[in-house]
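Coming up is one lone chain in structure tokens, specifically the form predicted alone.
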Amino acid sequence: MKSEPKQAGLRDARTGSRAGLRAGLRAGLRAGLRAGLREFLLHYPAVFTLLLIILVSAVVGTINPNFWQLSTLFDMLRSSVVTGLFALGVLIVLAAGGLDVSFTAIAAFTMYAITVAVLKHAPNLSIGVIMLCGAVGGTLFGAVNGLLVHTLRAPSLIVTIGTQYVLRSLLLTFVGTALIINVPAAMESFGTLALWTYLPASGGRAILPAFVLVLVVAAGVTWWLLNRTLMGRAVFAIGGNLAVAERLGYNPRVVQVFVFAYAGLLAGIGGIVHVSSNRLANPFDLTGTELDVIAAVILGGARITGGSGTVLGTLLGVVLVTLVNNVLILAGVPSTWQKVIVGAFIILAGSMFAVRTAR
């Protein structure tokens, strides 16, 4: 009789031990998953940006089911092309430890000057030649930025602010200020060329413009440059630690001229695409969009101090900024709150990346 309470106590002890062990395992597993997820997001910031895109899409789609339409996706792609081209240029400059804010001025000058020149002297010029002219013009302006940054040993932000003002002043003083509604035929045809047209049963139509291929090609070339060439290694080395990169034999002058020239090339192409897609040349266009572009690159995981950044992350950042700027209106969010949301995302992303750097 005395052994029965003793055996019952042993059973209770074993049961309690097993329950405690299970509870401890569950708590440890939850803590491990949280820590693992946190470390994963810190090391792969593009995933964090993707999660923000999914969150915003889910919220907007829940409030307004019209969001889940193919036309919305096509409109977002259309709005992302020029911003994406600018962002890829900013990415490669940031990766080298610089910062360029003159890309919108380069785009405005090249697109307007080339439009005026084509209308006056060669109205039948093909879109390929026009695009090449924009690329060459943008490359030259960007190379001047790179030479000034290296020669003056001044912060690239200060230099490009100066060139931005110079270019816009030259444009408004010597080229013109009038809106050009009748753009060259080749640019108009390119802007209206459809890659795919979808006719839903409910009526209307959704058009995927062909100029999205320009962004696809630019993204592929930029990825190849950063990940498969010696120049890409030099860009990350210079941006990561200039002194060490110089000891390893990298030439800062060559790298700085290259990255700014490449950013200018993409800006020139982006300007031509902008005019073609809007079928309107306005010398005041694109002013004030610099912060959105830089925000997209930062949200994509690039550090403002240089040495990091990916093409995929940058494109996801462009999608997120485009989503906030163009789609939140469907959820009834006033346009005045769009910058607030983008700013909050940047602060959140910056905090996560700061923790990653500290670790």
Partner chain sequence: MSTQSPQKELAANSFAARLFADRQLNFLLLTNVAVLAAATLLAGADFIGLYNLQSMAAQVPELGLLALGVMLAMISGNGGIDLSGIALANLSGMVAGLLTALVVSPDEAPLAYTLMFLGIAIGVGLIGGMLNGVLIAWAGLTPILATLGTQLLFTGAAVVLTNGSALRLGYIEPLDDFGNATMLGVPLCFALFLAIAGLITVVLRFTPFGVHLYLLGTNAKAARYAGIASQRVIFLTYTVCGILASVAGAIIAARTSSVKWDYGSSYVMIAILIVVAAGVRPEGGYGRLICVVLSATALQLLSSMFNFLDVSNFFRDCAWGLMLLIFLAVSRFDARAWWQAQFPAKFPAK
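Residue numbers count along the first chain shown, from 1. Quick caveat: nothing in here was measured; it's all calculated off a predicted structure.
Omitted here: the form predicted in complex with its partner chain. The next part is about that form.
Quiz item: Looking at 323-331, 303-311, 60-68, 47-55, which lies within 4.5 angstroms of its partner chain in the model of the complex, counting heavy atoms?
Solution: It is the stretch 303-311.
Exercise. Go through Thr197, Ser126, Asn182, Thr173 and name the one with a heavy atom inside 4.5 Å of its partner chain in the model of the complex.
Key: Contact with its partner chain in the model of the complex is made by Thr173 alone.
Exercise. State yes or no: in the model of the complex, is some non-hydrogen atom of Lys120 no more than 4.5 angstroms from a non-hydrogen atom of its partner chain?
Key: Because no heavy atom of Lys120 falls inside 4.5 Å of its partner chain in the model of the complex, the answer is no.
Practice problem: Give a yes or no for Leu77: in the model of the complex, does one of its heavy atoms lie within 4.5 Å of a heavy atom belonging to its partner chain? | Solution: No, Leu77 sits far enough from its partner chain in the model of the complex that none of its heavy atoms falls within 4.5 Å.
Quiz item: Is there a heavy atom of Thr163 no more than 4.5 Å from a heavy atom of its partner chain in the model of the complex?
Solution: Yes.
Quiz item: Any of the heavy atoms of Leu132 lying within 4.5 Å of its partner chain in the model of the complex?
Solution: Outside the cut-off, so no.
Exercise. Residue by residue through 134-156, tell me which have a non-hydrogen atom within 4.5 angstroms of its partner chain in the model of the complex.
Key: Heavy-atom contacts within 4.5 Å come from Leu148, Leu152, Arg153, Ala154, Pro155.
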